[in-house]
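First, one chain by itself: the form predicted on its own, in structure tokens.
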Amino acid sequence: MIYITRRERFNAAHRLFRSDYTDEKNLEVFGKCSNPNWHGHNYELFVTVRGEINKETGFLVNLKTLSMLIKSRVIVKLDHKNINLEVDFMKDKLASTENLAVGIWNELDESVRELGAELHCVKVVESENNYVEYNGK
């Protein structure tokens, strides 16, 4: 079993808030991330897949193909978008980095299998100090 990771980047805005909370309660729970005027991040996305090396190509998967898949299924939906308002796979979800990682996993899982690999981990880096890793469990 071998693991290979592709990094992509995107910029997006979001707001952490619950509509059933008051502004005061949102501020208490989510701090400045509940700013009603949104805030943004320069995200990094690491997608790790696993499987066996193809004896004919020497690859687990072609990284150009994996990159195109990530871009078409995820990056075009997120880059320079408002996660709360414009991203279909985040509809009706709190726009936390945790939920974003799970949503990205769900967007990629089946398509990665079609490439002959398994999705191992989705890592979303929100800032230099904060990131989330999700492995489908």
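We number the residues from 1 along the sequence you see. Predicted model only: the values in this text are computed from it and were never measured.
Below, we refer to the form predicted together with another copy of the chain, which is not included among the displayed structures.
Contact with another copy of the chain in the model of the complex holds for all three of M1, N35 and Y134, each having a heavy atom within 4.5 Å. When another copy of the chain is considered in the model of the complex, N99 lines it closely, a heavy atom lying within 4.5 Å. Taking the partner from elsewhere, A12 is found to have a heavy atom lying within 4.5 Å of another copy of the chain in the model of the complex. At a distance threshold of 4.5 angstroms between non-hydrogen atoms, L115 is out of contact with another copy of the chain in the model of the complex.
In the model of the complex, none of the heavy atoms of T22 sits within 4.5 Å of a heavy atom of another copy of the chain. Contacts between 56-71 and another copy of the chain, taken as any heavy atom within 4.5 Å in the model of the complex, involve E56, T57, G58, F59, L60, V61, N62, L63.
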